[in-house]
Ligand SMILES: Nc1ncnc2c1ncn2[C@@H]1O[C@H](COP(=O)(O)OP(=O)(O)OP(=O)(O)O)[C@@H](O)[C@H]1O
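Coming up is one lone chain in structure tokens, specifically the form predicted on its own.
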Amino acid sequence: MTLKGLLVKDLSVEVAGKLILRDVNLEVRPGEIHAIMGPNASGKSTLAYTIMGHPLYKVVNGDIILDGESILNLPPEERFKRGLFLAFQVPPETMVKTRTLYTYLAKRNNISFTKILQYIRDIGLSEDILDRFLNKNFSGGEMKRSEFIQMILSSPRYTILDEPDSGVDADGILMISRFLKQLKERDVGVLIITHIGRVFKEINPDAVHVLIGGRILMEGGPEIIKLIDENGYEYLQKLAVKR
């Protein structure tokens, strides 16, 4: 029987000859929400890009296993087809109309255009976004909302959100929380990368992994978010050493 889950096993990664991640282990099962938390430059985005197969991120040890099968040698587009989705911290601008991408993703998953319009309204965007070039002159909130629509239309099995709260106001945070609940109800495994815990005010993660200096120094539940909010990451580093 195939084991369901996204498994990162003993993963070490180099970027431009520099070792960034060191022996990282974690497992996200369907319907679980996991948080990767850490200060800036701790390797969080490196982990996201490596899981998605970015060619500049070289795996020097370990494996990435999706539902029982290694995807280490698959290009990003094949990983996407197998159910992985990555929402970028800063989505790139493109010369593709938003309508074109939304329609393509919807057709792949038998989603009607009427449903696209419903998602746009529900997420708080204007329908004229369809006739704009994707992410070009978008505000931070528009980028994040648009990526959530792309994620929904992609029907992923596992999704990685790289700092979804970056550049988002209070209403945007509530929107993210609502969609996290929907993803959990749909049995989607979610990996959220962030350095602060405000995105979890409405929903608790099933697990929190603290990544500092390319290593996971601590793991636990929502209580770790409180520790970070109250004491910062330097305190957690000292606490991890004592353990």
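Everything quoted here is computed from the prediction, not taken from an experiment. Note that residue numbering begins at 1 and tracks the sequence as displayed.
The discussion below concerns the form predicted in complex with the ligand, not included here.
Of the heavy atoms in residue 163, some are within 4.5 Å of the ligand in the model of the complex. A residue is said to contact a partner when one of its heavy atoms sits within 4.5 Å of a partner heavy atom; residue 29 fails this definition for the ligand in the model of the complex, lying far away. Proximity of residue 89 to the ligand in the model of the complex: non-hydrogen atoms within 4.5 Å are present. Proximity of residue 178 to the ligand in the model of the complex: non-hydrogen atoms within 4.5 Å are absent; the residue sits far from the partner. Highlighted residues 41, 45 and 57: every one comes within 4.5 Å of the ligand in the model of the complex, counting any heavy atom. Of the candidate stretches 66-74, 200-208, 182-190, 49-57, only 49-57 contains residues with a heavy atom within 4.5 Å of the ligand in the model of the complex. In the model of the complex, 195 is the single residue of 193-211 with at least one heavy atom within 4.5 Å of the ligand.
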